[in-house]
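Next comes just one chain, in structure tokens: the form predicted on its own.
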């Protein structure tokens, strides 16, 4: 195994990894280093990776089974495991708010599916001259920052998640006649997961929800549930818990959906291009 160095950021999560070449499938020892670092730091940055879509898929598949995006139109031709995110194609696929808005779509990937995502790998092919950063919030820190009373109460709560919440947000970010979700695979109307989940690798508790895709709390009214989610989002994404990744071309960023929320920040889509390729690792352990 080549020497792998890991340098943590100054934030609550995130580390830069050197010594891994994604053009080559990782061996078992390298996979163990990556998996340990992923749980420890939540977000891993692999700079200067020059990879083809096939190489990204092969590298990602070595870490675990992959799943396709439900957005059929956003699958890369010839390599459907790649989810194409950006504004360079016929349809814009972005989860960023309008320029100037701070209404971010904090989420953990595929929480609204019966099999969520355990990790995601995003590769930067084109980046805008300004804006288009990605924020990551540590849900270990967010849980640890709760009062003892809230920890006990939240441990008994179940959150309800639905793609309808995401679609409502996306409609709000576009003119009504511009919103077009494209061809989509069928999704469950909603799924329910514990609000607090324990990481299967360490047992450490983390909050598990999304700002828009979480549409309620079981046993509460719709209005009370949405108010709870708004207040929880404000707590969980406070600056002390957040790492901001300013993208460079050929960055590859791997994050742990079990312990991190992420959100795209706006950029001027009329002036700048942003093109990212994402591979998504399916959850292989029980959420409960």
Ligand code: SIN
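As the structure is a prediction and not an experimental result, all values here were calculated from the model. Residue numbers count along the first chain shown, from 1.
Another form exists, predicted in complex with the named molecule; not displayed. Remarks below refer to it.
This chain is displayed without the named molecule, yet in the predicted bound form the stretch 104-112 from 104-112, 197-205, 69-77, 145-153 comes within 4.5 Å of it by heavy atoms. In the predicted bound form, at least one heavy atom of residue 95 sits within 4.5 Å of the named molecule. Taking the partner from elsewhere, residue 124 is found to have every heavy atom lying beyond 4.5 Å of the named molecule in the predicted bound form. Proximity of residue 264 to the named molecule in the predicted bound form falls within the 4.5 Å heavy atom cutoff. Residue contact with the named molecule in the predicted bound form: residue 85 places a heavy atom within 4.5 Å of it. For the candidate spot formed by 134, 255 and 278, every residue has a non-hydrogen atom within 4.5 angstroms of the named molecule in the predicted bound form.
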